[in-house]
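So this first bit is one chain, no partners, the form predicted alone, shown in structure tokens.
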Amino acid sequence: MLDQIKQDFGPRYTESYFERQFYTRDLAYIPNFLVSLVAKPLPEMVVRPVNAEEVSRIVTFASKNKTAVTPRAGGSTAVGGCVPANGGVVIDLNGLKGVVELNLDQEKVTVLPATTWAELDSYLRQQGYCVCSYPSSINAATVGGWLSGGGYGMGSIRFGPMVEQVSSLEVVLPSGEIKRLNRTTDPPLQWFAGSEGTLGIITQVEMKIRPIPESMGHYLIAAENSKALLQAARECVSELPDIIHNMHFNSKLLNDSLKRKGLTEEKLGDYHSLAIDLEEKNSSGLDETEDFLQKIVSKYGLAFMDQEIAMEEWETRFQSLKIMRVYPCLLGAEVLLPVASFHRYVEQVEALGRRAGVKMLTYGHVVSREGAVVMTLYPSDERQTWRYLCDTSLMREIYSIGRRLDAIPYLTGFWNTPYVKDIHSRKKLRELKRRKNLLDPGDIMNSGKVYRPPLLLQPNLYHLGMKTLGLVRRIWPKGVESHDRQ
């Protein structure tokens, strides 16, 4: 069977060590020796299918041979979700790209999973339509990958997470069966949203689209105090959920770092900032909303930034990681956080940074009336391997702050499995494991992720290791530091 796959896929099949090496990591840099202690990230083979039938053949082969399967497309996360934990075969899905069908009467589009959000939105705009929501990593994130990861981003305040916009999926199950799913099938499509590729491989997505909005307004509010600014954000999202398209927060430390390198406006460097982007059917509606925002700004003692600066923030909304032009090596943690706790989270992680002698750079998107996806980054230097490892101990402390504020890691993947019991209640975890056992009893599909940690990432051992690294970090002779290259 393997010989037949090699023959049929030709140059789209490889066992080349050189090529396989590219699939052993995602955006996160983890020293090879450390990864090898807890996983087998080097796949035995990589196959690049171009349709669901080819995906099915590869998965059928893997299922019969009890071989681990890791689906991969954009590879744009940093928790190891698309990195093999148990070797096996990587299915590179980048050949499944493009629009299958556009139904303007029903305002739906059917799209292949490796299509990036930028590609899809560009195609739709030529027809006078656009997507309902999308990730800030629009140029790299794929349709199937974002759905598998949870699907919260810009547009989610109004339209909800991506799963609420999806009407059907085509999925290759771990048995190799190709199945069309909707909300009432067995299993339902909802099981695959946020499953991080552990239940099957999405090969088509049918979802809602909408006409391009007629009128938009862009506002940028600034404050020296994050508490007042984020309380205002909470009130705005409570009162204006049907017209807010995007609400993005930058901490003062982040803005200051960008300012020093000329990557944001000079004025903005002294403040925490909140970008609010609205969509209305007509300009008169925006006028009424602007009156409301004026009252909020006055109530909390805030200030509007110039319209030109607000427009620049909107136009650069997909450049959240431009901070890497300041600090080429960053570590960080991403959490799903209650909006009510946002300001306390910012205050506490910045206090952690002051104690640790490192800048904590935070930004986040409010994605519902209740929640925000928040990223905290801090500089390190991967060239100093042991110092870099010691710096990773601060990620545990960031997650600890989040846990006290009812936040959870946004993605689990491989590296966040020590927190799996914090991410899910016992009841929810039992249900997720039931689904996994039902659909994938051989545990071949993206195995080693989401449900349980491997031995060296067991919570007690992991936390002990992180505490030890934290202790070493405190006494480590600093020498020439790269934490602030400014």
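The shown structure was predicted, so the numbers you read here are calculated from the model rather than taken from an experiment. So that there is no doubt, residue numbering starts at 1 and follows the sequence shown.
Missing here is the form predicted in complex with a small molecule; even so, the following discussion is about that form.
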property: Contacting member of 371, 402, 197, 364, with respect to the small molecule in the predicted bound form [4.5 Å, heavy atom]; result: 197
property: Selected contact from 153, 217, 87, 353, since only one has a non-hydrogen atom within 4.5 angstroms of the small molecule in the predicted bound form; result: 153
property: Non-hydrogen atom within 4.5 Å of the small molecule in the predicted bound form for each of 93, 144 and 148; result: yes
property: Contact of residue 272 with the small molecule in the predicted bound form (heavy atom, 4.5 Å); result: no
property: Contact flag, residue 255 vs the small molecule in the predicted bound form, heavy atom cut 4.5 Å; result: no
property: The small molecule contact in the predicted bound form: residue 27, any heavy atom under 4.5 Å; result: yes
property: 4.5 angstroms heavy atom contact with the small molecule in the predicted bound form for residue 161; result: no
property: Segment assignment from 274-282, 234-242, 287-295, 74-82: heavy atom within 4.5 Å of the small molecule in the predicted bound form; result: 74-82
